[in-house]
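Shown below, as structure tokens, is a lone chain in the form predicted alone; questions about how it binds or moves come after it.
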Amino acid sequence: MISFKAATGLALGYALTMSAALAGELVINSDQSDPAPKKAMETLLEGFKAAHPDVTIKWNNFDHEGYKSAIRNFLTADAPDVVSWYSGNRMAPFVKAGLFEDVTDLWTENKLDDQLKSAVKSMEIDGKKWGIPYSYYQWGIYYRKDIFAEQGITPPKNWAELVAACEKIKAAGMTPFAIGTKALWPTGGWFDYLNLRVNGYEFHMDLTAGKVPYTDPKVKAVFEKWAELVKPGYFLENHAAIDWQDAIPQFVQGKAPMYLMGNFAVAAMKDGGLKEEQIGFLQFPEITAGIPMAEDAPTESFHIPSGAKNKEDARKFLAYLATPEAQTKMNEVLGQLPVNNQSAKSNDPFLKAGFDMLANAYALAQFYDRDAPAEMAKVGMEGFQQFMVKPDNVDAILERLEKARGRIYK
């Protein structure tokens, strides 16, 4: 039997009373209230129930905002058996507070270090694994294949080639990169990739965890690279006044033939009138030679609270969630990518390219506004946007970010 209850932040008391487990009952709390995630979760639960007919499931489904404020309360007050959350620095506070269960044994028993290889670093703290990742999506540079062909441009693999491509595009009367930074977060993708490629994954994660000053010369070096694209005018001039969707027409009309964005942008590009064969995807190019290629890939995961009452069935659920078959079925519904590299590949050319890239990634960052605390992410992305408007103010911007770091990470 699977019982489903909708839970919201407004109905928090109700949701908490629902989470109390009966003997032999598996209580799952998650925030999959949108249509596709809800259907994907239903698919997962049906598959698990078929494999484990003796387990009774109670699923409490919260809205996103309500869940963010509710999770700490129910983890400490009356923990369910399984919760949805995120990988990387977003799960660290719960791990450090002793609220998530160590599931390294599940990874070992099911040989998951190989199958979930790209997510190992983002699920690991203090040498232990704290959950099971099941879905992610790629970020990268989407480009106009037809325009690259017209201009004789080969998709760049390193920084020098990217700058040369920008020069050629600009000389032909186009702006190389589409972007809209009004909502700030698109700047986070640029900062992430530049830092990952200049300084590497470990440095990036230390920075977003508050362990490195924003005035560090290595951070300044990231902005020096960024300035090589900002100062010559390689981004849309009015980017601070428009949202990411507002930049799509510039890409569609061929006025800005490259766009660093998540894979969700492809649908908007096609809706704008582009054919699939006009759109290409390329991995963000190498900057510092020899640094392993980590990627931005926001990753969804499930965890067992340390206060769970039915850890035996919770472990069965996470083991099932980790399987190639379960992840294939869920992600077909989500239109995203399974983390398990043994899962079936999608026929969609962009998902296929993303699957190959992420399955071989050195490590996965979760995106700046997930890896950094919310307050730091806001201040940071405001600074990134300001830099893209006035790059000569870089020192003052970094000093302001450093003051924020000192205040926020206490």
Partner chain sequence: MPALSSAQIKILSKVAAMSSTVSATSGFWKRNQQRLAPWLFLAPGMIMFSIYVIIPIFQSIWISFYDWDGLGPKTWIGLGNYVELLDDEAFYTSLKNNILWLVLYLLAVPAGLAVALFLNQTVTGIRLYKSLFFFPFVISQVVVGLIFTWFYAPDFGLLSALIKTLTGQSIAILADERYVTLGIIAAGLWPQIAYCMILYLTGLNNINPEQVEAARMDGARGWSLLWNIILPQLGPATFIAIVVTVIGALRSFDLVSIMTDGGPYGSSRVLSFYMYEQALSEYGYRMGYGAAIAVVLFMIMMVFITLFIVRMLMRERHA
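All values derive from a computational prediction rather than experimental measurement. Positions refer to the first chain, counted from 1.
If you look for the form predicted in complex with the partner chain, you will not find it shown, but the lines that follow are about it.
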Original post:
Does the trio R72, R90 and L99 actually contact the partner chain in the model of the complex, every residue with a heavy atom within 4.5 Å?
Top reply: yes
**OP:** Tell me, yes or no, whether D369 is in contact with the partner chain in the model of the complex, where a contact means a heavy atom of each within 4.5 Å.
**Re:** yes
**OP:** Report whether the minimum heavy atom distance between S30 and the partner chain in the model of the complex is within 4.5 Å.
**Re:** no
Original post:
Quick one: is K182 in contact with the partner chain in the model of the complex, heavy atoms, 4.5 Å cut-off?
Top reply: yes
Original post:
With the cut-off set at 4.5 Å between non-hydrogen atoms, does A160 touch the partner chain in the model of the complex?
Top reply: no
Subject >> Interface segment, criterion being heavy atoms within 4.5 Å of the partner chain in the model of the complex, picked from 64-72, 342-350, 30-38, 51-59 >> reply: 64-72
Original post:
From the list E277, E150, D271, E237, which entry has a heavy atom within 4.5 Å of the partner chain in the model of the complex?
Top reply: E237
**OP:** Identify which of T288, T76, T108, T154 has a heavy atom within 4.5 Å of the partner chain in the model of the complex; exactly one of them does.
**Re:** T76
Subject >> Any residue of 382-397 that, in the model of the complex, places a heavy atom within 4.5 Å of the partner chain >> reply: E382, Q385, Q386, V389, K390
Original post:
Since the CA distance of M205 and S306 differs by 3 Å or more in the model of the complex, is it closer or farther than in the form displayed?
Top reply: farther
Subject >> Note on G262-H64 C-alpha separation in the model of the complex, which departs from the shown form by 3 angstroms or more >> reply: closer
